[in-house]
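Next up: a single chain in structure tokens, the form predicted on its own.
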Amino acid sequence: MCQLLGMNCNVPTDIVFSFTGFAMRGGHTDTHHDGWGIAFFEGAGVRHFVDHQAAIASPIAELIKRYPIKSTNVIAHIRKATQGQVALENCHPFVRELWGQYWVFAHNGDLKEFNPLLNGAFRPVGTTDSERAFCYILQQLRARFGEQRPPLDQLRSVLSALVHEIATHGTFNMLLSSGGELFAHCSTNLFWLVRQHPFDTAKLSDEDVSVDFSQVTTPNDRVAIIVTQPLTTNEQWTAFQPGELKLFIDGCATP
């Protein structure tokens, strides 16, 4: 299956360190070679990069490793195809507009017999179960709340019901963000940690790279990382519970 990487911070932060290790799983330390993608929120906009090439061989991935784009919310994905051909339109993350905001979504898993009626503005361009699920979520949110975004607690409640409904069709590990928050749902494998003061040195598990975060942060910085499998060997990662939907805001996991 695919792999997910998300970042949620209280100040704009680059994801170069985590993405460097993550991209190695796109054809080098793992077999996820059917495309990749990453999306960075910047204000009301989104920088969105996708490539049908394996991340390990992609010149665009090399750009991301060397260009420290700063963002408070990032979603990345490396693909191992289960549904849909290897093609640009099937690369995650996917981006759509709802309530005057961009929404970004990526999925790890395989949904069986999931063919909801999509009769509104949200329709898939590609042929993946993942994009169908994203369109279905947005369609249901608009049907439930109309043209105005609801308070966050109401949104979280309805989203929780939707992801659990979709997960009855198979594995549904997913990341979803509109730029101010990051939702993460686990069916099988998902881990998270928060980096904050006092910062220490972190060592990647997929590449011989270390960073002393105390040298590149301030005492007020806080960064949450969510990933399919832990990226570092010397940090304490927390496993999601199966069926758990967590909400991250300003680098914190909310109760």
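Owing to the predicted nature of the structure, the values given are computational and were not obtained by experimental measurement. Start at 1 and count along the sequence shown; that's the residue number.
One more form of this protein, predicted in complex with a further copy of the same chain, exists but is not displayed; see below.
Engineer: With the cut-off set at 4.5 Å between non-hydrogen atoms, does residue 113 touch a further copy of the same chain in the model of the complex?
Structural biologist: Outside the cut-off, so no.
Engineer: Quick one: does residue 97 come within 4.5 Å of a further copy of the same chain in the model of the complex, counting heavy atoms only?
Structural biologist: Residue-level check for residue 97: yes, a contact with a further copy of the same chain.
Engineer: Tell me, yes or no, whether residue 154 is in contact with a further copy of the same chain in the model of the complex, where a contact means a heavy atom of each within 4.5 Å.
Structural biologist: No.
Engineer: Indicate whether a further copy of the same chain has at least one heavy atom within 4.5 Å of a heavy atom of residue 49 in the model of the complex.
Structural biologist: Flag for residue 49 set to yes.
Engineer: Out of 180-188, 71-79, 141-149, 166-174, where are the residues with a heavy atom within 4.5 Å of a further copy of the same chain in the model of the complex?
Structural biologist: Only one stretch passes the 4.5 Å heavy-atom test: 141-149.
Engineer: Can we say 44, 102 and 121 each have a non-hydrogen atom within 4.5 Å of a further copy of the same chain in the model of the complex?
Structural biologist: Checked in the model of the complex: all three residues contact a further copy of the same chain.
Engineer: Scan 54-74 and note down the residues that get a heavy atom within 4.5 Å of a further copy of the same chain in the model of the complex; none is a fine answer too.
Structural biologist: Read in sequence order, the residues that approach a further copy of the same chain (within 4.5 Å, in the model of the complex) are 59, 60, 63, 67.
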